[in-house]
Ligand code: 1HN
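Starting off, we have a lone chain in the form predicted alone, written out as structure tokens.
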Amino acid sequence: MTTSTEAETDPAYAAIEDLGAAPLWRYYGNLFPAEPRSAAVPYVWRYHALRPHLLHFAETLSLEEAERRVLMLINPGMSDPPATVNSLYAGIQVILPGETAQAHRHAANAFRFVIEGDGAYTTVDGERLHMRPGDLLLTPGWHWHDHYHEGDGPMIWLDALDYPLVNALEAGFFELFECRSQRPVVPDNISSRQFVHGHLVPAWDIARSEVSPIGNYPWAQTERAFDAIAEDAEGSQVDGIVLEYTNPWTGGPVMPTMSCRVQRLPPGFRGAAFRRTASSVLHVVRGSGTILIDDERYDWHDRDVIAVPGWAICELRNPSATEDAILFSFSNEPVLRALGLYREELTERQG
């Protein structure tokens, strides 16, 4: 029998390496871990600390110097290539009055959640979608899109894309439009107005897909949904009163690679501890609170962004005695469900 010392000096190891092979027994523990180990780490990006720098670059850099004034939210554990959590990216983008953004399209799915400002719109495949705070605007993969700001003051939103996944699959494409901006070819916000009526959807539209046909999910509709539920819903012991933005054709997530949700944590909410294989990014719409991730406590406030790695033990809390906390989130749950890899469980309450 060969000893471990002899194995280290066995010339056969070098020989098989030269032949493009490797011994499984040296890698087995890394290839099949007992449970998921995320490269991402928990992290909180402070919006009110980042905002002045975002505005500084908007004022000092021209569109020629920086076509997209975006601060990428890069997880300390996922800096090369840059990502916010596993398979997902988030950034904070600003556009100033009178500015446009070059029309383009890419294979990656994207959306924007409006943080502040008024008077801007995104044009997606010829449909102008007007932005207001709290609106969720979709830019599905390979759809032409550009932006224009005709209002006053800065317009700021949260960008989200699945390009880390698309690039890892080596399926990324990118193309610039023939003109800087698209001409509208359908009435403004028509997709939102056609599908705003809940279960009554246009029967003449047969181009059904795994991507939602709705361009903009207005915050006004989200607020009405929360108001209609009021205090009657028991909600989730983990997430509080949580609602999912859905594709009206399938009832599933808005995109095949990303799900989007919004949740209300009532005053005094103390969620059960849980973990999920899905990685997620949370954005604080309003309020303040705490999230426990594994052994650490993180406080969050208005408009902060939080990275929650997959399979981390989490617990949400709203310590206010009088005010709700509202969180928007997106995750890669649809990908894991499609591959049969999604798992979630309640765990022991932390601290």
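Just so you know, these numbers come straight off a predicted model, no measurement behind them. The numbering used is simple: start at 1 and walk along the sequence shown.
This next part talks about the form predicted together with the named molecule, which is not shown.
Contact with the named molecule in the predicted complex, judged as any non-hydrogen atom within 4.5 angstroms, is confined among 247-255, 266-274, 183-191, 86-94 to 86-94. In the predicted complex, the named molecule lies farther than 4.5 Å from every heavy atom of R286.
Proximity of L161 to the named molecule in the predicted complex falls within the 4.5 Å heavy atom cutoff. Taking non-hydrogen atoms only, V70 approaches the named molecule to within 4.5 angstroms in the predicted complex. Residue contact check for R128: none of its heavy atoms lie within 4.5 Å of the named molecule in the predicted complex.
Out of the listed residues R208, H104, R132, R224, H104 is the one that sits within 4.5 Å of the named molecule in the predicted complex by at least one heavy atom.
Although the named molecule is not shown here, in the predicted complex the stretch 124-159 places heavy atoms of H145, H147, D159 within 4.5 Å of it, in sequence order.
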